[in-house]
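Heads up, the chain below is alone and in the form predicted on its own; it's given as structure tokens.
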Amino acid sequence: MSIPFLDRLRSAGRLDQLFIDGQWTAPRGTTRMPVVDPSTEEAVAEVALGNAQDVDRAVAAARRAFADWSCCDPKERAEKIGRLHALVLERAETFAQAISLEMGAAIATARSAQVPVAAEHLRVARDLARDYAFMVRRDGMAIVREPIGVCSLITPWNWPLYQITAKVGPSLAAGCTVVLKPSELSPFSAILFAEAVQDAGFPDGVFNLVAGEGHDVGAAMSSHPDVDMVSITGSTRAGILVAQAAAPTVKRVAQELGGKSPNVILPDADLARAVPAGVAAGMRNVGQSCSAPTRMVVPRERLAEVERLAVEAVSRLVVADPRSESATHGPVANRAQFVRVQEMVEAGIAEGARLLCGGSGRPDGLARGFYVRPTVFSDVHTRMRIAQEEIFGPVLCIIPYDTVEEAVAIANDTVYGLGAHVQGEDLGAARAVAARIRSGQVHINNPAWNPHAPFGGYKRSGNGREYGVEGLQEYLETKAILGYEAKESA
């Protein structure tokens, strides 16, 4: 089958190259990685991977470029980022096709969510570069926010373009230079993004792309002595490894890691609105979102109604070929994730959770591909694995409670603290519960996504924040210049 964007990348040699110092270049390493279409389980291409030598080349290029990029007028940086934003929007359909192929997102989701929200991070970064006060005067001194330096950015496969722009946008706006390692499992959107960076006219070395595996390229990027900061989105295990590798050089580490987010439905909530919206949020992107609210914490006296509404909501999902316009959900992104979801569904059954719909195996009519059955368990208690471990698939746990105090305790009974939801008609009561949940974000009554809202976790969900002003500030150092304003001598 001919795939136009992939045919073009192949003919241009992009699948065999890295992007370093403004040039497409062959890697020093010889490893190649097949890219598997999760809807067919078949490889559609191979990409060349870099190694530690390629990291050295990319970091050196970023270090050379930092001197000029960090000192240029922020409005110049804003202009370049604005051009990049425009190019991503112009090429939105190509990006959507690439994301659907490389990680299985339904094409409708790729078009309506994966690409446009990724572009929003660039728009916000453009505006921040233009408007942020990089220097303020206070008490006779100047407080200056300066770019931290060369940044290693490590991104995952589940929201591939979105996670790239969430890091690249603010780091470039701050005046940093970067080396990006996208997931080797979803490389196409990253290659397309590097082409857009080149076409936007960024100076050589400001942005560098080195594909590779975590144990090789990721480790080299995290430990490199000429890297000033590393930012990773990934599993908690991966975040720990990055922090350990970075520790000897005392570089800043930002980690956006795992989650097991609660959705607390208060006794006065409108269930007809809250439950279907909660199912949609928990199973968005086939459940492959670190902040997905996969624990629905509900009043015991309303459990039967919640269960009925949840099963009805799942019945409206269409799991199908991701290229189908009617599909709401495609496969999970890779074989390892498919195996993980099957294991956890079986664990839920074995531990005594009540299966309302779904279960193990593929949906009817889908004999191949990493398709899984959207699954809802009820009568889940907090000691079950499905209530504690991140599944990263379309598996929802309904956990009943008797008092709001107990609901808050259930919400906080996890090692994670990334996101949370609260539903209720009494806004004051909902706010009070939101204030007691230990997580980096809380959504009351399903508000619209806000690209300015800082995102990051408590506990083992990580350190640091992304998005908006707080995301920009992660890439800045603070300098106090005393005596900045002259005073008359006595």
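Residue numbers here begin at 1 and follow the sequence given. Computed from a predicted model, the values in this text were never measured in an experiment.
The same protein has a further form, the form predicted together with a small molecule, not shown here; the description that follows concerns it.
Of the heavy atoms in N158, some are within 4.5 Å of the small molecule in the model of the complex. Taking non-hydrogen atoms only, Y371 never approaches the small molecule to within 4.5 angstroms in the model of the complex. When the small molecule is considered in the model of the complex, K181 lines it closely, a heavy atom lying within 4.5 Å. The closest non-hydrogen atom of T233 lies within 4.5 Å of the small molecule in the model of the complex. In plain terms, the part of the chain that comes close to the small molecule in the model of the complex, with a heavy atom within 4.5 Å, is 182-190 out of 182-190, 134-142, 295-303, 355-363. Checking G214, P276, P203, P116 against the small molecule in the model of the complex, a heavy atom within 4.5 Å turns up for just one residue: G214. Just one of S171, Q163, N263, N208 comes within 4.5 Å of the small molecule in the model of the complex, counting any heavy atom, and that one is Q163. Not one of V55, A60 and R64 places a heavy atom within 4.5 Å of the small molecule in the model of the complex.
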